[in-house]
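A lone chain, given as structure tokens: the form predicted on its own.
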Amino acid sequence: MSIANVAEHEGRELAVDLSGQLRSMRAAHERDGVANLALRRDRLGRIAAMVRQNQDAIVAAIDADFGGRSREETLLAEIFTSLSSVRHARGHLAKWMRPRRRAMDLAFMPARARLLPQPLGVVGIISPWNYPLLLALSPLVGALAAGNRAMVKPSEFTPRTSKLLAEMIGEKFSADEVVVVQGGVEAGAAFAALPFDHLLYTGSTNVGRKVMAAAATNLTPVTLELGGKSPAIIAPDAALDAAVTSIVRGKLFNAGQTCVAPDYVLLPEGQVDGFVEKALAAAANFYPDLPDNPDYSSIVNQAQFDRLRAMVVEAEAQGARVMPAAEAAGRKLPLTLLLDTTAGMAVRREEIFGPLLPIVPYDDLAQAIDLVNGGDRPLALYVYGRDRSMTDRVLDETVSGGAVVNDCLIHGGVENLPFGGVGASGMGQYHGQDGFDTFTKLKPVLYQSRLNAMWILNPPYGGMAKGLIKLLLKR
């Protein structure tokens, strides 16, 4: 048997195994009925206990997968945020589960209407490597809060974390509640092709298209959390020192390997030199003594590192000025500012996902807005300025998945704000109640009153029916 035939055979076997797992979970969901409040809270509590009990192991696994990941960044971005999502869901779950009243039009009274929140069944979650714990657990919290069971496919690029996640889930949940599916590209393709009741994917736009195409075969509804070129716009009146500090801090968190990291900076022409000087100084101040500084994370693997270096080489060859804050060593790549870039360069066309930061000057705010609107709609947009009318103008005249005024990145950790993209940066949203609703069928139900006038509209249509229809049409 050829290598290609072996891979095809293994792919078919994997698909059969995953299909059997899904059928088993769906059968358990139907057998056990709708999970009540106590069971849902218990499942969420198991997630929290799992994270707390394995905190050091999680930090160590992610550090090993990255070849150097800041402990504090993991504690903040993975442990704290995962526990926050559990705490928020458990605290609000009783309210989210209640039927929701809907107003009834006068023409249909005295009938009443409600939305009944019901679990969908079995949810699929495909999570990425950049935040391998959080981006697996955050949607899982929403799925379990909504009363579903779930299958999770973590990234093969962080194998130690994926293995640990499978072990932790296996200790806290039965195989018909939550399972973790490990594997590479073949496993991911087979996973995406399963007829889930909902599928959430977090990752690149290109792979997102493939996931959506696979899900379409089964008419599986999808939530796609993708990337994009997230701009940081500095208005003419912005406090430059504060803006630089915020942008550099956000850009270098996890070495720029964050889907909502600022991807390029738009600022007035006359402020470019000041921004460059302050940004390089801030980077050196935040992360001195590279590569030995443990607070600064490595690029996850050599392929990603080489991709970023290729962007820099191409830009420099085409006339861009490259200004690194320090020397690269190992896979620790410092903040690297790029000036005089053009729209055709990869660093301007593609999502960077690393500590490279093009600086793009503008003549007036209208030009900056046009530059943003000339590309795909970004996952996040950041605007810095003191004039409320100016920042509101940017918000009003651009479309993005989310936005922050006078800071960056932090909106992704706010459970009361929905998180999601628009256009090429994704579709759908989750976090908090929005996550609960994403994984829920809000079933509309009309309750007809015994005392109703529908009998008037029974055929054959007599004078009363015709009079009532005429009256309705006048409203």
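The numbering used is simple: start at 1 and walk along the sequence shown. Because the structure is predicted, anything quoted here is derived from the model rather than measured.
The form predicted in complex with nicotinamide-adenine-dinucleotide exists for this protein as well; it is not shown, and the discussion that follows is about that form.
Proximity to nicotinamide-adenine-dinucleotide in the model of the complex holds for all of L135, E156 and G227, with the criterion being a heavy atom within 4.5 Å. Of the candidates G147, G124, P231, G188, G188 is the one whose heavy atoms come within 4.5 Å of nicotinamide-adenine-dinucleotide in the model of the complex; the others do not. Only one of the listed residues (S82, T336, N130, S298) places a non-hydrogen atom within 4.5 angstroms of nicotinamide-adenine-dinucleotide in the model of the complex, and that residue is N130. The stretch in contact with nicotinamide-adenine-dinucleotide in the model of the complex, judged by heavy atoms within 4.5 Å, is 206 to 214, chosen from 356 to 364, 206 to 214, 265 to 273, 290 to 298. Although the partner is absent here, L379 lies within 4.5 Å of nicotinamide-adenine-dinucleotide in the model of the complex, judged by heavy atoms. The shortest heavy atom separation between P236 and nicotinamide-adenine-dinucleotide in the model of the complex exceeds 4.5 Å.
At a distance threshold of 4.5 angstroms between non-hydrogen atoms, P99 is out of contact with nicotinamide-adenine-dinucleotide in the model of the complex. Within this chain, G170 is remote from the site of nicotinamide-adenine-dinucleotide in the model of the complex, having no heavy atom within 4.5 Å.
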